[in-house]
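Just so you know, structure 1 and structure 2 below are the same protein chain in two forms, each on its own as structure tokens.
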Structure 1
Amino acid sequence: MNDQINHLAKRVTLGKMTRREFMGRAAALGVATATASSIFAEAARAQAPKAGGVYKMGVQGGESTNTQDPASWASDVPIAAGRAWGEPLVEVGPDGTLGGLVAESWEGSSDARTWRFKVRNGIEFSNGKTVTAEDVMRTIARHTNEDSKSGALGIVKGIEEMRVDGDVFELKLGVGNADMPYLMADYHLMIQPDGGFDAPAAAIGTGAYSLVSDEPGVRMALTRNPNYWGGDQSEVAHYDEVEVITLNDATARTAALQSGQVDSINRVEPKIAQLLDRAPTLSVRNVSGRGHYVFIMHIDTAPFDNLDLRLALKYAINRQEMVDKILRGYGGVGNDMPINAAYPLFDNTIPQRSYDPALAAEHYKKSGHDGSPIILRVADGAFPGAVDAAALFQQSAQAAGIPLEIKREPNDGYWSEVWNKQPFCASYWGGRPVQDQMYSTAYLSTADWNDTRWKRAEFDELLMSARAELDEAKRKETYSKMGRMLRDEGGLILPMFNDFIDAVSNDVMGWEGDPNGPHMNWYSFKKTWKA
């Protein structure tokens, strides 16, 4: 009984059980109400943040080629460490609302073209220098510069003019964009002294921690910045030290968590997630995000230029089966549009497309396709389980009389030779914080990464009108229209949205899911503490 009551208390501490549930279960175990009540109080007290300790993250996605230059970040290890030492102007919260970091407040003009960000008063970089609006402008300027090869170039290239007005940084866009503040939350846009022009990889920022040891591909260690503007250790960023440890091998990652060498890991494989969750000392935490796995057709290339053939293939894929078998339930079904409920302004009234072999066969017949096999190119690296997913697709299409031929491609060179080059292949998208950015990245006529060759003037116009629209109801309506267009006519077959699956030691308190990214959008170091 003692074990059971302890287990229940643990669940209370983890925030998985309410007082009412706890008291009920305790009564069932024969524990006196007064005793149960004090156990509950103690367990709930453990929920209050505690300062101190070392927090170690075991993270997949680090190479010995990593640098601390935010412009170069593309994998999770540098992003995780960067979140600890640096801060952009704003952050997107778990509920999709914006919060200020380096910027205290911000406002847009009525046409959404001019945006003013007021820099937080008197905050300092970890080298003791006070942050000015000039630093902010230089940072954005560095990412706007073609030579910086910044991963955020696509975000900031719409900026036409920038200026500093006292403690206000003002930017002017060529075309109005109501989502501009959201884009400023991008992890590349860490505010650096003088924009990081002289020392881009110096790891000097306004973050809660400062970098003390940097071994790329192995480990990055940070200690608490005592001058952090956000508050002292009892309020925020409770740990004394944070370590980001590169653990690229999946088995090594789970073993490290199980043996207590790290406190949390990312990218738990769906096939072991359930087994891992049974371990008594840790919990698997999954959150549905915006990332998705796709099969993409070039709609300007035969036979995919035929709408009926595209629809036939869309009806011939069994989405639920893929979520069950490829993601093991850690995900949600897609609807052939890159947007799901994790996005702000999502319209949940758009009907869900499901597997319908009869309808698929009908469309296939109408398309007049000659019956030759349709070649689907796929590699293991396209997304985890891509080859298996293609095989499932092949079988469900077979049932509708559509012949698919799977052509396996090597992982090496898949992104340069197959994706965005071959007319029909498997791929994945990590998702973007707002609909506008997702559509502009891959569905605008002029987008470099328009991997379905979706080029519709009408769609582009809708996108531009939504971008500058400040009335949320109208924007939502426009986005809904765009989503429907893409769903019914586009070259995108989107069977599933994948969850972010983390596993966390039960010693770590205060963990909550954040659809913006794994590991609480890499803010776990700041928002959790150890019991």
Structure 2
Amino acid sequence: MNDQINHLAKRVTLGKMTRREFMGRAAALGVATATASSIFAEAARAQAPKAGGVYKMGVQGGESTNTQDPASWASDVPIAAGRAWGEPLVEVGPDGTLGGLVAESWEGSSDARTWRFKVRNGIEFSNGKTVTAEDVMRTIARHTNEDSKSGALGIVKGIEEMRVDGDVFELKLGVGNADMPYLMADYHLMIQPDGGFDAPAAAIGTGAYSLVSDEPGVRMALTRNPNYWGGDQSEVAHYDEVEVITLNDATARTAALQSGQVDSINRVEPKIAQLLDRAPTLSVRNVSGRGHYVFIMHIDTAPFDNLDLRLALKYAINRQEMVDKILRGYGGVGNDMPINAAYPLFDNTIPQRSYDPALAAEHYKKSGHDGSPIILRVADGAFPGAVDAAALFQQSAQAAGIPLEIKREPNDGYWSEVWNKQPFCASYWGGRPVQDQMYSTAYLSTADWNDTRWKRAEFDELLMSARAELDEAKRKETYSKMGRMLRDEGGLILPMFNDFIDAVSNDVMGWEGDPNGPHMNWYSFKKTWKA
């Protein structure tokens, strides 16, 4: 009986059971009302935030080539640590609303071309320097420089002028953009002293923690920032220390959590999620959002510069089979465009593409391809189940007579040597809060992360017109046209939108799902605590 009542108390602690439910179950076990009330009260008290301790995250997505320069971040480990030491102007909450970080408030002009962000008074960097609007302007300026190779280049490209007015940073756009504040939440845009021009990888920011050691591809350690502006440990950032440990191997990552070596892990493989959730010491947490698993083709490189070949490959993939066998239901079918119903201006009338081997064979024949192997590069770290997904793709393509060949790549170096360099590979995107940001980051002609080499003047013009359009119905119509263009002509094969699946020790309190990204959009270090 003790084991059963302790299990019920743990569910109360985790917020999974109400008092009424607990008392009813306890009574069924023969526990006296007074005793049950005392146990419930003790469990409920454990839900209150408690300061101290070390929080260890086991994270897939780290490489020996990682740096702390926010402009370069493309995988989860540097993003996870970067969220701890740095902050952009604003953040997007789980409910999609904007909250201030370095910026206390913001306002736009009636045409959405001019935006003013007021910097918080007295906020400090981890080195003790007071943050100024000049630091903000210099940060944004560095990311607008093409030499920075910033992942945020596509979203800041439209800025024509910037200036400082006291504690206000002001920017002017060539084309108005009602979503501009959302773009400022991009994780590359961590505000740094003097913009990070002199030391972009110094990891000096306004975050709740300070970096004390960095072993790329192995481990990063951080300690609580004594200069943090955002509240004491009774409010946020309850841990004394945070560790981000690179665990690219799924089996090793799961074992580390089960043995207590780490407190949480990302990218739980869907095929083991339900089994893992039965473990008495941990919980699997999943949340649907905008993340998607993809196969990307460079449309400026043969043979993928041939539209019929691209369409052949798009019709040759069995999306439902992938959702069933790879995601195990933790996600939904994709439609070769990076937008789904999680976006408020999504058009659900766009026809869903489905597996059609006969049509795939027809397009393949029309392409005139010589029959040589079409190389698809993939690694375990591309996304959970990526190698198995590629094998399924190979089988379904074979039924259409398409000679798809899989080349398995090592995890280390995949994001620096394969993704965005090789013409056909597996990848993933976490999605973005608004369509403008998703399109600007990966499909604008000038975007540094345009990983399908999609460069269409008409598409760029539509994106600019959607930015300036304040009528939501007209914006939705424009975004629909853009989505159809990508679906029918682009180099994106998007078979599935994935849930973010994390697993967390039952000692970690305060966990809430966030559709913006895994690990509470990488804010778990800030919002959770140990029981």
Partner chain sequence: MHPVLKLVAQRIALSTLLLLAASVLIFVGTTILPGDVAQQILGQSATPESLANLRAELGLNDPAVTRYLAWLGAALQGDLGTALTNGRDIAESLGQRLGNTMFLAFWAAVISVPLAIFLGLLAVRFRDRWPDKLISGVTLASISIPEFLIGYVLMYFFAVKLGWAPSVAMINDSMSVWQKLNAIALPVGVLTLVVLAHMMRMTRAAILNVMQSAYIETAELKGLSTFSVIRRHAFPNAVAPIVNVVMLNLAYLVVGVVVIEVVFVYPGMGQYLVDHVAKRDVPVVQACGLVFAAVYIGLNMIADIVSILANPRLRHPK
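Here the structure is a predicted model, which means the values were calculated and not measured. Just so we're on the same page, rigid core means the largest C-alpha set that superposes within 1.5 Å between forms. Each residue is numbered by where it sits in the sequence of structure 1, with counting from 1.
> Between 1 and 2, where do we have the form predicted alone?
Here the form predicted alone corresponds to structure 2.
> Can you let me know which of N498, D451, V156, R432 is the hinge position, looking at how the rigid parts move between the two structures?
The hinge residue here is N498.
> Quick question: how big is the domain rotation between the two structures, taking the chain as two rigid parts and the angle in degrees?
Treating the chain as two rigid parts, the smaller one turns 29 degrees between the two structures.
> Once both forms sit on the same core, give the Cα displacement of H292 between the two structures in angstrom.
Between its two positions, the C-alpha of H292 lies 2.7 Å apart after core fitting.
> Could you check how much the CA of I350 shifts between the two structures after a rigid core fit, in angstrom?
Between its two positions, the C-alpha of I350 lies 8.5 Å apart after core fitting.
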